[in-house]
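Only one chain is given next, in structure tokens, and it is the form predicted alone.
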């Protein structure tokens, strides 16, 4: 397939948000191009838990979720570094699926729907000119009436555009490292666990094919303290939590080396840059402790497409499209992110985490209330 000169919609990034946005555009009859720098299928750092609020939307996109017999997750376990823990039912719950599987499946749906999909393609810049977005890639140039930036936690475009969060000095919200494995270990299919350790926390839950996603977040400081050696970090810090000691000692690790990402930022981000609609982690990241980034990416794609569709149909102008998308994004996700940042501050310190879990354990309704603040409703 050759890159053409002009499209209605250009999507930069082929994760959940980008693929969902592109598929909606193709289903509505628009000419859509999508650029992804990796080659499908591929792994990425992610907790791989999706709230049930997205089930109907994903099936509408074309995913046969009911046929895949995915783990249904309805319980939460949170442990402190000292091993004390609480268990709680998840009011809405969710399901587990790897990004390797779901992103690849959505990419095939996108292609069948007519999306011009270019993987192994890097977007070098996007510029706005004459009511169009010019997209420059290593495979050529094109323009589109609407551009969506769905390029994840951090990209070369963030730096090129000098987005505010890239210029903030390292602090408690922006200097994290993410690490992910797939493992096999006997583990309850209906439970997701968050095990805290000094300087971070680690999640584990079942995905497809009797595997588990094991994913943790820590600070660059704690990694440096362990000679920038991930395995030393796991041995010296993570395994001080007895739950994590059992997992790391007994699990069969299915990767030779983990998938990693650095310089993760939870600082506030804008939803529009260079007239590009930003969706998913590019628009704002919820702390993985709250386990809902995939849900926000999917729902955000729907909110953005509703406004882009109105613009392309001539019902609203570009300013209104951008303003209304920003307002809708803030309405649905603003409180989630604020709650996530507040909760995050109580974890990462052994003393704080041990004390917090002991304090809230007798109050399950309070825990349910906190969970509800980080989740949405079916849409």
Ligand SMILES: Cc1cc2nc3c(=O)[nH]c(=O)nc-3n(C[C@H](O)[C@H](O)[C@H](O)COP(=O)(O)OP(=O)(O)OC[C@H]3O[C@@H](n4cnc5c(N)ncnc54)[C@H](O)[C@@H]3O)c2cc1C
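Numbering follows the first chain given and starts at 1. Bear in mind the structure is a predicted one, so any value in this text is a computation, not a measurement.
As for the form predicted in complex with this ligand, it is not shown, yet the points below apply to it.
Among the candidate residues 207, 247, 145, 215, which is the single one with a non-hydrogen atom no more than 4.5 Å from this ligand in the predicted complex?
None of the other options qualify; the answer is 215.
Quick one: from 90, 157, 117, 303, grab the residue that has a heavy atom within 4.5 Å of this ligand in the predicted complex.
So the residue touching this ligand in the predicted complex, by this definition, is 157.
In the predicted complex, which of 225-233, 159-167, 80-88, 277-285 comes within 4.5 Å of this ligand (heavy atoms)?
Selected range: 277-285.
Can you tell me if residue 17 lies within 4.5 angstroms of this ligand in the predicted complex, counting non-hydrogen atoms only?
Contact check for residue 17: yes, within 4.5 Å of this ligand in the predicted complex.
Hey, in the predicted complex, is residue 264 touching this ligand, heavy atoms inside 4.5 Å?
Result yes; residue 264 sits at the interface with this ligand in the predicted complex.
Would you please decide whether residue 55 lies within 4.5 angstroms of this ligand in the predicted complex, comparing each non-hydrogen atom pair?
Because no heavy atom of residue 55 falls inside 4.5 Å of this ligand in the predicted complex, the answer is no.
At 4.5 Å between heavy atoms, is residue 197 in contact with this ligand in the predicted complex?
No, residue 197 is distant from the partner.
Just give me the residues of 293-307, first to last, that have a heavy atom within 4.5 Å of this ligand in the predicted complex.
Read in sequence order, the residues that approach this ligand (within 4.5 Å, in the predicted complex) are 293, 294, 295, 297.
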